[in-house]
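Presented below, as structure tokens, is a lone chain in the form predicted alone.
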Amino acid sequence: MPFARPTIRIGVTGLARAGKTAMLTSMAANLLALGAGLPALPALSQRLQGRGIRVSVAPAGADPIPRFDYPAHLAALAADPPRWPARTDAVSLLALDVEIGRAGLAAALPPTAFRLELVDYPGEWLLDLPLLEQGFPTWSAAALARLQGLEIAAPFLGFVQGMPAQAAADETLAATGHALYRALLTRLRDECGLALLQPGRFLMPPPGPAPPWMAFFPLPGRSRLASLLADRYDRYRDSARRELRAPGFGRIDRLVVLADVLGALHAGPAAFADAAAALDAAARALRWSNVAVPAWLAQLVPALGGIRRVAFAAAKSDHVAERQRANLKSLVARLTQTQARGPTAAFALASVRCTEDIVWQLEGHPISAVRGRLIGADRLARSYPGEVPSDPPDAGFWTHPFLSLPDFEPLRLPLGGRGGVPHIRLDELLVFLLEDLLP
């Protein structure tokens, strides 16, 4: 019986609307194209130094995680006109079998073979990780503080502030508060573009009916109702810890955290501060020890190999010209600084490219800009959204607002998708993630 291939599992997660589905589709399409001998991933080809690579979609097997619908997502990108893939709303997996030839005196040996599993992991769940180290009073105080001054939060805050100091452990009160809070989180995501919204499973619940202990909300004080909500909060955290041992997250050993940093700059200082806080919370939760395991996770699952490489990436970098992408990368690096001892890296990339760089004469001065086809339009549009700061912006930056970010359609795929997907620096990301596996 042949030996089983070693398995490498890459998790792709991120903040809302960062493009996880597009990244997974592009990763798979470009790896398959590279395996067919096409120049889809130049940096990875250079790293292989002429050694052959074969890539194929692996059979589904018996893994309980639902399959990532790669054919449907690639078909959307390959359509005429191209369409963005539909957003996914649950954990899913795509497995590829990879074989890399050896070089030099080892060329006669069998190729290095491994199974590469790409996991779509909801970013909303990632932001639950910091809760594992926060008790209910701490979380409640932080959640309520973030809502202060937001007009949209007034109905929920009014409900909390009107609660009697000795409120009873009443199920109707708990259900009402939970419904108000959950509706508020949804509006903060959809209408305000905010990302640091906890608990994340309120926005993207796991499959199946919600258990009764999901009905809680932030509440200060020591009332019986607060005690009931605290018990439910603890049950929620216990459930999240169990999921870390489940196939969806527990076996991930490389992680990509995506964020739409440009969109946050465009949305204004409040949205940017929220995105920065969400990225910082994720980065802190993913700190790991000398053996590449987070301290709290090592106590939970001592035998777990741990997340060994983490990449933080700003998506949609094709919405600004090449000259500004270095600033975008620097900004992501500053927002995700940690004390981790294992490899981390920051990237500014576009998993699916939708623009080309141009020089645009604006008010008589040449500027670096981009051009793409607007969704639903029959013409190309030029865009110069503004200067990207290399550090978190100060108050002066917001006096000259970041301009609009048009909705461009994807570029046409070469060979209907068989030639890969046009991208920016996705190949460099894959080199970082797989570097220790490349012979």
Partner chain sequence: MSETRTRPRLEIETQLAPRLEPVPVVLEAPPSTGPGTLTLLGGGVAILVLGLAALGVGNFVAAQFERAAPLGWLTAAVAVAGFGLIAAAIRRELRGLLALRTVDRLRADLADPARARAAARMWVESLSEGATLLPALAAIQDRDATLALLRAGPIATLRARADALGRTAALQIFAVTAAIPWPAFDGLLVAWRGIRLVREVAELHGMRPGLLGTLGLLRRTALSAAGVVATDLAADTLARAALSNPLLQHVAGDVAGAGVAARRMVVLARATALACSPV
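Quick caveat: nothing in here was measured; it's all calculated off a predicted structure. Positions refer to the first chain, counted from 1.
One more form of this protein should be noted, the form predicted in complex with its partner chain, which is absent from this view; the next part is about it.
Chemist: Considering its partner chain in the predicted bound form, which of G52, P64, G376, P42 comes within 4.5 Å of it through any heavy atom?
Modeler: Of G52, P64, G376, P42, the residue with a heavy atom within 4.5 Å of its partner chain in the predicted bound form is P42.
Chemist: Which pick from V310, C354, L279, L118 sits with a heavy atom within 4.5 Å of its partner chain in the predicted bound form?
Modeler: Spelling it out, the residue with a heavy atom inside the cut-off is C354.
Chemist: Hey, with its partner chain in the predicted bound form, do L77, Y384 and L415 all fall inside the 4.5 Å heavy atom range?
Modeler: Every residue of the candidate spot has a heavy atom within 4.5 Å of its partner chain in the predicted bound form.
Chemist: Verify the contact flag for A175: yes if a non-hydrogen atom of it lies within 4.5 Å of a non-hydrogen atom of its partner chain in the predicted bound form, no if not.
Modeler: Because no heavy atom of A175 falls inside 4.5 Å of its partner chain in the predicted bound form, the answer is no.
Chemist: Are any of the heavy atoms in W84 no more than 4.5 Å from a heavy atom of its partner chain in the predicted bound form?
Modeler: Contact with its partner chain, no.
Chemist: Is P422 close enough to touch its partner chain in the predicted bound form, meaning at least one heavy atom pair within 4.5 Å?
Modeler: Contact check for P422: yes, within 4.5 Å of its partner chain in the predicted bound form.
Chemist: Using the partner position in the predicted bound form, report whether A28 sits within 4.5 Å of its partner chain, counting heavy atoms only.
Modeler: Close contact is absent here: in the predicted bound form, A28 is far from its partner chain, nothing within 4.5 Å, heavy atoms only.
Chemist: Given that the partner is absent here, state which listed stretch (358 to 366, 263 to 271, 140 to 148, 167 to 175) has heavy atoms within 4.5 Å of its partner chain in the predicted bound form.
Modeler: Stretch with heavy atoms near the partner: 358 to 366.
Chemist: Going through 395 to 420, which residues have a heavy atom within 4.5 Å of its partner chain in the predicted bound form? Please give them in sequence order.
Modeler: Residues within 4.5 Å: H400, P401, L403, P406, E409, P410, L411, R412, L413, P414, L415, G416.
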